[in-house]
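Here you get one chain, nothing else, as structure tokens; it is the form predicted on its own.
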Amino acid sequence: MARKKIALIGGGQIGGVLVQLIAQKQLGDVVLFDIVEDLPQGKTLDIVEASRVDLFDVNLRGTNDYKDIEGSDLVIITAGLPRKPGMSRDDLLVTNAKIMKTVAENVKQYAPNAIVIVISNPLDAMVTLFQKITGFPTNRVIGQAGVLDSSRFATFIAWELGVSVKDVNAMVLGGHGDTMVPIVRYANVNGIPIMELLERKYNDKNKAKEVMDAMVNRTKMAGGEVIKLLKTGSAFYSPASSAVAMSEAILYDEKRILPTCAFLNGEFGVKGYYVGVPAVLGANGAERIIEFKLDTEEQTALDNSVKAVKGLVEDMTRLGF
């Protein structure tokens, strides 16, 4: 059986980690594209020279020519400027929209049958723009955000409770920004509600709520926290790892339910926009949306997040994209 072909657009920090993780997991042959001459060639050469050590046997190639992505089964896009300290995701809109336009035109030309995962920020706007330019079916164009945001939320919960993060289930909905919506009511440790465990720990409902509110806020600001610490860039390992989880679900047709920036057609009261929701990921991309009932507070928070996404899309349209 022929190996899948995976194209990575953008050879920066996330792109480099993606090559390494995909190679180590042997998900397929990789083409890493970047406009910077010799950069993708150098990164792929460095990684492939560890193939004997890490025991992987796939083909890795760096290129500055979009034609080399021809026939790719899966495309992961990280191209664009990363956020810097003091910069919001929205500040990136104009610059990264120009970059995404070029990327979309070339993916449409050379990999018209690919499933596409976008990581570039501002995420919800970039996924929308890519799909608009390519005209690809919406199930084949998705964004990575919810897997990462949910992992961050679960990590903070595990630290607070002193349990293994492997047993924490937590989910974040909405746009990938400060208005994202961590769903507290459904968060659990192997089925035990998080709030029940926090209330037992502190023997005080108000204290438990205060602690949870702090974790929710930290989740919303987690990307900015990393940026502040790094000073010269943004998170790269965790976004790459999250995209690989989505890639495995697609390439192996796992039917995993993962929080995904997916196109909504009435689900959760949203029609015609890309928003983070639980989706079944398989061989056909985002195969279906998993809708569930939100309480009034959760729905209000999601509506507010969708409003922010709509604002970004409107700004992008006003600017001619």
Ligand code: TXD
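Owing to the predicted nature of the structure, the values given are computational and were not obtained by experimental measurement. Sequential numbering from 1, following the sequence displayed.
Below: the form predicted in complex with the ligand, not depicted.
Between 118 to 126, 179 to 187, 193 to 201, 160 to 168, the stretch whose residues reach within 4.5 angstroms of the ligand in the predicted bound form through a non-hydrogen atom is 118 to 126.
Remark: Thr102 counts among the residues lining the ligand in the predicted bound form, judged by a heavy atom distance of 4.5 Å or less. None of the heavy atoms of Met246 is located within 4.5 Å of the ligand in the predicted bound form.
The closest non-hydrogen atom of Ala145 lies within 4.5 Å of the ligand in the predicted bound form. Remark: Tyr66 counts among the residues lining the ligand in the predicted bound form, judged by a heavy atom distance of 4.5 Å or less. Ala79 is the sole member of Leu93, Ala154, Met212, Ala79 with a non-hydrogen atom within 4.5 Å of the ligand in the predicted bound form. For the candidate set Ala222, Ala235, Leu173, Leu251, a heavy atom within 4.5 Å of the ligand in the predicted bound form is found for exactly one residue, namely Ala235. Contact residues in stretch 1 to 36 (any heavy atom within 4.5 Å of the ligand, taken in the predicted bound form) are Ile9, Gly10, Gly11, Gly12, Gln13, Ile14, Gly15, Phe33, Asp34, Ile35, Val36.
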